[in-house]
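Let's start with one chain on its own, the form predicted alone, as structure tokens.
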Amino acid sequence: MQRRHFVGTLFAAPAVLKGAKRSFSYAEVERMLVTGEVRGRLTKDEIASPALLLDMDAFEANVAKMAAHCKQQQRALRPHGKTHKCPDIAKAMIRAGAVGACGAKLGEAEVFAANGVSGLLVTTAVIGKHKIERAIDLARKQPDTIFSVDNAQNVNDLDEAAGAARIRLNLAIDLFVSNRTGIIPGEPALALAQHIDRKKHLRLHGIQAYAGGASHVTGFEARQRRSLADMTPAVETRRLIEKNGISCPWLSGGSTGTYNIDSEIDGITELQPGSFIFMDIDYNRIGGKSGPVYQDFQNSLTVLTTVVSKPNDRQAVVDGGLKAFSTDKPFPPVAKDIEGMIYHWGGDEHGRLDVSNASREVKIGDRIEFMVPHCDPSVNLYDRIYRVRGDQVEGVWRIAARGVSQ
């Protein structure tokens, strides 16, 4: 072969076999992801790793199950946005029957509102001049937003700001039913309700009572006892407020771990679970009604990694480390489809795999999906979540509130 002809073949367009799937360049893949023109064209193998994947079949089944449960129990559903930080996911759940979305912080609610999500509940008190200014702006954009309060001074500040803005704010009394925020149930909460009731520019919407301590109690019966103990004072406080002539028609609480417990408690009107859409190893370990593994909802969230090294027959290395998974739990990620393989943290960028007893051979270039230890902080590590159905990529959702913790 002459040199000129040989060099020409190196840069010629690759031959495409009849019936073979076309392979795209990295630039082409990114362009398709930006434009949304990916359905039927991309597979998971063409996604750069590490990447956050959402199994849409499992996700949709999880949302449908929770929505159906709440409808059957005649409870409203306002899922917690701190889990996903994604307006598109919030909208998907509203289409399925949710009344809105919770935001753990004001910043999350602002992002949701900017992307057209209504029915917002800010579950952390808005404290300080600048945050109150932002709360007023948010209420102008989404007047049905509910803000949590647990002290009289904050109520005064919100009333003054709302008066100056000539609007009325919806408030929820945040109760101390777990080792977090809130005012003590009973008489202290009643006094705060009476204080709110006297304010011209505020409206008491009801009570927010998230019993976070109950959500991860291991064993269904033990979890049921804990949630009943935590939520009973909230129900009694609601009755006390109404007994004293103040309307308190709304009590929001509940979690993924207690959704089927709290929905049985008379007086709770709304559930605000979050992790049920994704699930994680932490929730799998708490046990359910049917046994030691909690499997009411499917694990739809995984991190896709690539095997980048294999020093010997017993060890392999993937490109997902401390920056790819949350590290707040005492257990590591677990491979989705490979049994007997053990993940060890290998630093910021890598995970070390003990493949001595893996159910299949692991080779360099293999793509391995891992279930995450804790879904909320893992999601917060990524800018986008890839929607997949089987091996096909349907598109991406932007994690618009990623890193928004203010």
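Since we're looking at a predicted model, the values are computed, not measured. Sequential numbering from 1, following the sequence displayed.
FYI, the form predicted in complex with another copy of the chain isn't displayed, but the following is about it.
At a distance threshold of 4.5 angstroms between non-hydrogen atoms, residue 383 is in contact with another copy of the chain in the predicted complex.
Of the heavy atoms in residue 134, some are within 4.5 Å of another copy of the chain in the predicted complex. Put simply, residue 55 is far from another copy of the chain in the predicted complex: not one heavy atom of it is within 4.5 Å. In the predicted complex, another copy of the chain sits beyond 4.5 Å of every heavy atom of residue 369. Proximity to another copy of the chain in the predicted complex, defined as a heavy atom within 4.5 Å, singles out one entry of 184, 114, 240, 99, which is 184. None of 67, 29, 338, 61 but one reaches within 4.5 angstroms of another copy of the chain in the predicted complex through a heavy atom, and that residue is 29.
Highlighted residues 176, 347 and 402: every one comes within 4.5 Å of another copy of the chain in the predicted complex, counting any heavy atom. Contact annotation: another copy of the chain lies within 4.5 Å of heavy atoms from the stretch 102-110 in the predicted complex, the single such stretch among 266-274, 217-225, 102-110, 160-168. Residues of 52-86 lying near another copy of the chain in the predicted complex, listed in sequence order, are 82, 85, the criterion being any heavy atom within 4.5 Å.
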